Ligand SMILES: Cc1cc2nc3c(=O)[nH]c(=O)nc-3n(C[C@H](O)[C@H](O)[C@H](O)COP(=O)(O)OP(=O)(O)OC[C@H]3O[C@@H](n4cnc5c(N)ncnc54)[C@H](O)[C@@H]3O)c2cc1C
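Take a look at this one chain, the form predicted on its own, written out in C-alpha cells.
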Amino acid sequence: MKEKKVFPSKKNKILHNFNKFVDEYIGEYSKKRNFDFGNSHKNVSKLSPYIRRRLLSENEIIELALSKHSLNSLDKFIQEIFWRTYWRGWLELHPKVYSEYENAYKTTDIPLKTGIKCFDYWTQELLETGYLHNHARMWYASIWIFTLNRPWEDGAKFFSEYLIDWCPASNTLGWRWVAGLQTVGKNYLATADNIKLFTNNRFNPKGQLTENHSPILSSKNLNEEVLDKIPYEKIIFNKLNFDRLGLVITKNDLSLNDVLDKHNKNYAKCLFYNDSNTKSEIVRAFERELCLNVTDELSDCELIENFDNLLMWAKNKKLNCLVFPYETIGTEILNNKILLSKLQNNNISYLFYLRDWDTYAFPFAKKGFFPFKKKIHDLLKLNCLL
C-alpha cells in the first residue's frame, strides 16, 4: 500500500476538504459513490469519523451542502447521512441485539494472508489507514462470513478495533445485514463480477469466492424485540440554572457546546477524554488529536481524563448540575455507575442530552429503512433545513 490516508483533526481543515468535495465531487456522488477506486476515495466525503464524534453535526453538513446545491441533486447524499441516524435509532430501540453480539464474539485473530487479493488488500488498508470504502466493507464481511466461514461477530469486533469511524450501530447492524440476520432470510453475497466492476477492474477474484450460500440462521428473531420508545425526557435549557451548570463534552459529541451557546449563557465546560485502549494506535492517536484540538479551540475548556478529576473539577467550579452527551447503545463513557454514584453523593445532578436531530428521527427507526426514508423530508423540515 503506497499511499496512507490521513484524516485531518483540525475543524478548519476538515471543513476546507468538505467544501472542496461539495464543489468538485458531490454532483456525481449518486453515480460514483459505490466505486472503490483506491486509497484516495475522492468520490465520497470521508466525513464519517467526524459525524461519528459529531465534530461536525448532521445539520451543519446538510446546511452547507444545500447552500450550494438543490435538494433533489443531494437526495442520495442526504439519504446516506440518514442511514447512520437510522442505524443508531434502530439499535437504541432494539438494545438486546447489541448485548447478544457482545456475548458472542470470541477472537479478533486477523486473517492477513488468505490468497484472495482484494480481501488481503482491504485488510492491509484497514490496518494502515483505519478506513475502508463502504462497499468494500460489505464485500469484506461477505467473504469473511461465507467464503472464510468465520463468525460474523468476530468480523464486527475486528472492525470495531480498527475503523477510525467505528459506530456500534452501523457496524454491528451492517454485519448482521450481510449475514442475513438484519433483513431476516436475505443475506448479501459478494461476487467477483461485482467486485471487478466497482473496483474499476482493480480486482477480480473469479473462482475464489462463495457466491451462493444460505443466510445465517438464528434460533430467535431479535428484530421483533423492540422498545416502545427510548427512555428519554427532553431537556429544556431555559429552565436550567446556568450559573452553576457544567457541560462535559466527550468524543460522542465534540460540538455539544454549540447547542448551549445558542442560549447566550455562561457555563463551565470541560472535555472528558478516555483513552480507548482496546482500539488500534491509529484510532487512539486520531481521537486524542481531535480532543486536544477541541480544547485548544474552545475558551476555558479543560481536558480531564478520569472520574476523580471530573468530580474535583465540578466541585471546584461549585457546579450543581452537569450536562452530558446522550450515550447511545455501545457508546457508554459517562453513563457509569461509579461516576454517577460519586456525583449523587456530592449533590451534583446530571442530565444526558439527546440532540433534536436524534429526538425527531429515532422514533421512526423501529422497522426497516424504507419506511424511515419516507420521513426524511419531514425530518429536514423539523431541523429547519428546508
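For every residue, the number given is its place in the sequence shown, counted from 1. Note that the coordinates shown come from a computational prediction; the quantities given were computed from them, not determined experimentally.
The protein also exists as the form predicted in complex with the named molecule; that form is not presented, and the subsequent description refers to it.
In the predicted complex, the named molecule sits within 4.5 Å of a heavy atom of residue 84. Residue contact with the named molecule in the predicted complex: residue 257 places no heavy atom within 4.5 Å of it. At least one heavy atom of residue 134 is located within 4.5 Å of the named molecule in the predicted complex. In the predicted complex, the named molecule stays beyond 4.5 Å of every heavy atom belonging to residue 54. Residues within 4.5 angstroms of the named molecule in the predicted complex, judged by any non-hydrogen atom, belong to 159-167 and to none of the other stretches in 159-167, 276-284, 309-317, 120-128. Shown without its partner, this chain lists 138, 93, 245, 291 as candidates; in the predicted complex, only 138 has a non-hydrogen atom within 4.5 angstroms of the named molecule. The partner is absent here, but in the predicted complex a heavy atom of 171, alone among 171, 199, 182, 250, sits within 4.5 Å of the named molecule. Contacts of stretch 10-39 with the named molecule in the predicted complex, defined by any heavy atom lying within 4.5 Å, are made by 29 alone.
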